[in-house]
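This document starts with one chain, in the form predicted alone, laid out as structure tokens.
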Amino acid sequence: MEFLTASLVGWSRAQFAMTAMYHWVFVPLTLGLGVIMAIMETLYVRTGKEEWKTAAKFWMRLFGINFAFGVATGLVLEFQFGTNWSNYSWFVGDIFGAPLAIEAILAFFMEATFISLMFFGWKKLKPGAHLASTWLTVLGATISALWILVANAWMQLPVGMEFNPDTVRNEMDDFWSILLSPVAINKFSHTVLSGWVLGGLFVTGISGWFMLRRRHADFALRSMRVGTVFGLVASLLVLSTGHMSAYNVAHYQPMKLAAMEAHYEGYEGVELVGVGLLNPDKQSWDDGVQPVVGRIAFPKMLSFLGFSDFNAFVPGIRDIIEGGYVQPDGSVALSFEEKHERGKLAIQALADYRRAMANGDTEAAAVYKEQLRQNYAYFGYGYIDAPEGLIPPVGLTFYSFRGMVILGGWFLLLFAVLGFMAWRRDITRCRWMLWAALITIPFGYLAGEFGWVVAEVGRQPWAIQDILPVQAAISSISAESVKLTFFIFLVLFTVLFVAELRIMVRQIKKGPEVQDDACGTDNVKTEK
């Protein structure tokens, strides 16, 4: 945690990361649990069985609690772009702000409209109309995630823009290339599906708790069947989108891929490290020390995941810094020194252009503008003084990636085994599996956080890949003020998190027999 010592950049990063991680506690469950409750209500409308209606209402209550807390943390997260990252907001606000504005105007108001109909319309709407409001609430939450993830994906792969030296701002010139970029499509799919996995884990684990307590047996069995099938399908889809994530990272963010694998020296047919420990003797990117010890690896799998070719060359950290290798587009990679020099040329050309324009020298301004255009792709490298500044935290990225993958494999196995047992109706005989389902719930959250650590820590030092490093993106405020608000938000979000846990646990303990609740439940009691 050395970067936190009285550093404005460090504390700004820490505050944003803390807010984002708390926010992500609530978002994935909203995405996954929303679909599950909508499936259960669909089964009620199609079969007319009150048991499905009771189940849908129970999970809907938990969805509502989680949704409310997610909104609170999300608002704070967006405000931080203006308070802590004002240079970033000025530099790319014309592009980054557009998806967030669409999210607020379209998705948020869509959710706000239909969620009220969903909760309070059980007795006022026909079953089909109420079902439509439920699905539209879920769709609104998913669309909200879409626009936020499009904005994040653009930070990983900045496309569809043109830099305006007169305003010193990047301006959108191709909305569809931003929305449909390969990173945006894959990030949306992979992230939403990971939320579905968490929803499956949550429903499966809570159903297991009811079975362990021998309460609401029919409700628990129905919910577990839906949760395990839903979670299994989502887990299999996550695998496919995970492969595409690796492909995109290899092509557009090779340094992130190298950090994920602690891959320092490039070669053909690179193995994928399954498990291993980072070598504490590895001190530098060019010292020749073996970076991972005690490892178990899958031959040539990293080459295949990154380039769909078992014998593909995968550049390591040293290769990316020194350059000279052939990139996927056929060009030869520049070294850090070359990129740094071109970045400084771009920064200087911008200053010279603005000075020439201020003096009315349009001829010189045109020359400087062309020089800026030719070197703008390396603009951000002009702010990085040493090659070490390009290397993200390898340890955190390496271990987070392994944690995410290992947990994902466990989830897949758990859904398969529990689903098989639940459909055979002998699940209660294996109590240790029910305990495993319950205990696995927090690991579902942990896997999602690991994924975001890989995505965001692995992207460092960039706020926007290759264009804007984090040290050039922050606001001109005191580090002490950011430090103070960090702890204020930490306390506030921790209180919110504990409050949500207590409310959720209280509602779960009441079970699906709650009387006259916000969902409009008729005085229905299910079996104990």
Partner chain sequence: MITYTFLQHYWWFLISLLGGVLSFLLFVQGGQSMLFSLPRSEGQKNIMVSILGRKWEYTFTTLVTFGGALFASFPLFYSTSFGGAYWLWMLILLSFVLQAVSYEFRRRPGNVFGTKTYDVFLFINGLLGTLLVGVVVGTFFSGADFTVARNNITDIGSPVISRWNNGWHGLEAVVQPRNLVLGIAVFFLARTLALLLFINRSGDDELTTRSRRMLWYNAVPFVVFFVAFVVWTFLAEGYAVDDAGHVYIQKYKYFTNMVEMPAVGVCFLLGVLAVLYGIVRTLACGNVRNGIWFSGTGTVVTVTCLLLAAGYNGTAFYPSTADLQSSLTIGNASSSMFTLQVMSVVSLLIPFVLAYIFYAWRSLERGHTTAEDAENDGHP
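Here the structure is a predicted model, which is why all the values come from computation and not from measurement. Numbering follows the first chain given and starts at 1.
There is another form of the same protein, the form predicted in complex with its partner chain; it is not shown, and what comes next is about it.
Asker: Look at the stretches 225-233, 298-306, 165-173, 407-415 and give the one with heavy atoms within 4.5 Å of its partner chain in the model of the complex.
Answerer: Contact-bearing stretch, as computed: 165-173.
Asker: Check whether N84 has any heavy atom within 4.5 Å of a heavy atom of its partner chain in the model of the complex, and answer yes or no.
Answerer: N84: contacts its partner chain in the model of the complex.
Asker: Any chance E338 has a heavy atom within 4.5 Å of its partner chain in the model of the complex?
Answerer: No - in the model of the complex, heavy atoms of E338 and its partner chain never come within 4.5 Å of each other.
Asker: Would G64 count as a contact of its partner chain in the model of the complex, using a 4.5 angstroms cut-off between non-hydrogen atoms?
Answerer: Output for G64 is yes: heavy atoms within 4.5 Å of its partner chain.
Asker: Just to confirm, F109 within 4.5 Å of its partner chain in the model of the complex by heavy atoms?
Answerer: Heavy-atom contact with its partner chain at 4.5 Å: present for F109.
Asker: Which residue, A333, V76, A356, C430, is the contact with its partner chain in the model of the complex, using a 4.5 Å heavy atom cutoff?
Answerer: Spelling it out, the residue with a heavy atom inside the cut-off is V76.
Asker: Please identify the residue among Q290, S116, Q283, T362 with any heavy atom within 4.5 Å of its partner chain in the model of the complex.
Answerer: Checking each option against its partner chain in the model of the complex, the one that comes within 4.5 Å is S116.
Asker: Decide if the three candidate residues G93, L100 and Y383 all line its partner chain in the model of the complex, where lining means a heavy atom within 4.5 Å.
Answerer: Yes, the whole trio is in contact, each within 4.5 Å by some heavy atom.
Asker: If you look in the model of the complex, which residues in 444-481 sit within 4.5 Å of its partner chain (heavy atoms)?
Answerer: Residues within 4.5 Å: Q471, A472, I474, S475, S476, I477, S481.
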